[in-house]
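This document opens with one chain alone, in structure tokens, the form predicted on its own.
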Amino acid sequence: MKNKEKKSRRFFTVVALIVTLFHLIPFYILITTSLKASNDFSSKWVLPSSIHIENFMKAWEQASLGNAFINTTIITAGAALLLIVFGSLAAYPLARMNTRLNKFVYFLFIAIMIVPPLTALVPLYKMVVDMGMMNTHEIAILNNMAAFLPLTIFLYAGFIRSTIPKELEEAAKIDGASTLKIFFKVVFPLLKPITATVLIISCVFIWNDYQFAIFFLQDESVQTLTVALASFFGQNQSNLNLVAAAAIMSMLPMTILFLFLQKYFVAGLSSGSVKG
């Protein structure tokens, strides 16, 4: 039995290494391309003969990444903050009060998760134009918050039901604490794992959002990284080393965020999936 277990572990380890290798190949090509000179036409598999760090500075200036970074950070941080506040507040009564209305609302949010956000693009675009909110950070924040709110509520509600004991809230209620005070003082501090999960999932998708940004943020002053990169790629199809450098810089913030929060990520997902 022990030999069989060792063989199966080795097999799965080899499979995991192969899968990891396949995922690392695009990053290897991206890094080697970003470090090559513009007149270096060697194979993408070959390491650069000399390292050209100036590609990153050129890409930063030519693609106007500074402004795009600021816009994307404002939109991502604003939407993530609203998602955490409103998502957790909405999930708490849905998880604790088992009424017919709450069940209906909960399953309604789950049903909304199935609907692709782009199906609402035409009426949403008309409404945004009528409200005069085109090319504003506010509309991008609200759009992204609305798109990810059902998933956020689903994750928070599952985590509260499966992880946080009701006895803690009952003890606080006996001490005279109000419902809001119980939530913010007792429940919310225990939501760190699922909050990290929500942050990673929402921030990565909002940071990389293109479908809403290309329609609602058409002015260059409010362009996000994805729109700026797409425009930069169109102008530099023969100069891929600069495009690769710009792509690396644009993905660094989310990579760092994931590295900091990864220990909470799996814990949040696994705990929240025990009870639906």
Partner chain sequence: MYLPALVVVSVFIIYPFLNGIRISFTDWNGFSQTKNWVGLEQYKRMFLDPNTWLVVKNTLLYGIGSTIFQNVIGLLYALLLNKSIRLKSLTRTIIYLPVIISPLVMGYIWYFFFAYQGGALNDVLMLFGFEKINALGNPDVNTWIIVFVNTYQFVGIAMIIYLAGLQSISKDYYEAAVNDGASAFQKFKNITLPLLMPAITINVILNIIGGLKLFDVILALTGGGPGNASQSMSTFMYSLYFSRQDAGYAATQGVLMAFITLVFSLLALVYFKRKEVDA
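All figures in this text were calculated on a predicted structure; none of them were measured in a lab. Residue numbers count along the first chain shown, from 1. So that the term is clear: the rigid core is the largest set of C-alpha atoms that superpose within 1.5 Å between two forms.
Same protein, other form: the form predicted in complex with the partner chain, not shown, and the subject of what follows.
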message: Would you classify Lys185 as touching the partner chain in the predicted bound form, given a 4.5 Å non-hydrogen atom cut-off?
response: no
message: in the predicted bound form, is there a heavy atom of the partner chain that lies within 4.5 Å of any heavy atom of Leu240, even though the partner is absent here?
response: yes
message: Ile153 versus the partner chain, in the predicted bound form: is there a non-hydrogen atom within 4.5 Å?
response: yes
message: Given that the partner chain is not shown alongside this chain, does Ala68 nevertheless sit within 4.5 Å of it in the predicted bound form, heavy atom to heavy atom?
response: no
statement: Contact with the partner chain in the predicted bound form, heavy atom within 4.5 Å, among Leu168, Leu190, Ala77, Ala120 goes to Ala120
query: Among 157-165, 190-198, 68-76, 175-183, which stretch sits within 4.5 Å of the partner chain in the predicted bound form, heavy atoms only?
result: 175-183
message: So, a 4.5 angstroms cut-off on heavy atom distances: do all three of Ala37, Ile51 and Thr136 pass it with respect to the partner chain in the predicted bound form?
response: no
task: For the stretch 214-229, return the residues whose heavy atoms include at least one within 4.5 Å of the partner chain in the predicted bound form, in the order they occur.
output: Ile214, Phe215, Gln218, Thr226, Leu229
message: Once the core is superposed between this form and the one not shown, does Thr13 show a C-alpha displacement of at least 2 Å?
response: yes
